[in-house]
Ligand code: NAP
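Heads up, the chain below is alone and in the form predicted on its own; it's given as structure tokens.
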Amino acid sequence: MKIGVIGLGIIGGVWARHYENAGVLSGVWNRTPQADFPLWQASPESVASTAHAVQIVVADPPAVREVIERILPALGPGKVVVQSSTIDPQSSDAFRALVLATGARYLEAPFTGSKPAAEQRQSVFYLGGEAGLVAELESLLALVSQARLHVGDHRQAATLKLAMNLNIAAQMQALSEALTLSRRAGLADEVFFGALAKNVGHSGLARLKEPKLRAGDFAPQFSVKHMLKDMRLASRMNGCEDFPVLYTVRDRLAAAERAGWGDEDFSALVKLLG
């Protein structure tokens, strides 16, 4: 099975190179041209026409819709759309319906893991769709990930991804406040992180972001603007109206974007605290 990748951002470009190295990449396309990328195609339609599976890794639901509407004429029986952008369940409903109407199949496949995880093939997929389709794509997605979790249907997969990002965003805000509190008391970062490492509150996020926070390095692993987009999507979902942490982290991310840090890593939340 050959796969095409549409969207060569922080994650999509890494995955495409993994697929290329495995000999299964059929083509790539990105809205901002990257003509020197291996197997570059002139359009998303060209990618879809030459691939068995088309993996979409773009910014938001409007971008996904634009891609799907363009590739629809190239879809049909035997084709699969693997939708790996972070979207809301309502958008997943709409995109799935468009794809299925062509006779192609649709898998909701959001993931967790930022750039370092993608580089090390440590991404984790949350898969929503038919069990048979999940099994069929197992070996292909295993080329870029450490685990593929079949969590339910397409809506459930999209929801779980937003839930996971809410948890991460909340942890980042709490870590930023705790570190700032410690710094204002005159404690060295080494003392703070040394204590945190032996505390039940230590987490994978703290381990990942410690070097960035200590160095003031906000090169993006996962950007402010993308996390803000995810929190906005979550805050619009039914049943989230009484989630105070969700609305707080959404507003803090919006403040970081207004400060000009949208393209920086979302650990830049710490800069709002001075």
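Position 1 is the first residue in the sequence shown; the rest follow in order. Quantities reported herein were computed from a predicted structural model and do not represent experimental measurements.
The protein also exists as the form predicted together with the ligand; that form is not presented, and the subsequent description refers to it.
For the candidate set Leu213, Ala234, Val67, Ala53, a heavy atom within 4.5 Å of the ligand in the model of the complex is found for exactly one residue, namely Val67.
Contact with the ligand in the model of the complex, defined as a heavy atom within 4.5 Å, is made by all three of Gly9, Val57 and Lys229. None of 97-105, 149-157, 80-88, 184-192 except one has non-hydrogen atoms within 4.5 angstroms of the ligand in the model of the complex; the exception is 80-88.
Within 4.5 Å of any heavy atom of the ligand in the model of the complex lies no heavy atom of Asn238. In the model of the complex, no heavy atom of Ser49 sits within 4.5 Å of the ligand.
In the model of the complex, the ligand sits within 4.5 Å of a heavy atom of Ala63. Mapping the unseen interface onto this chain, Ser114 counts among the residues with a heavy atom inside 4.5 Å of the ligand in the model of the complex. For the partner-free chain shown, Trp29, Asn30, Arg31, Thr32 of 13-47 come within 4.5 angstroms of the ligand in the model of the complex, judged by any non-hydrogen atom.
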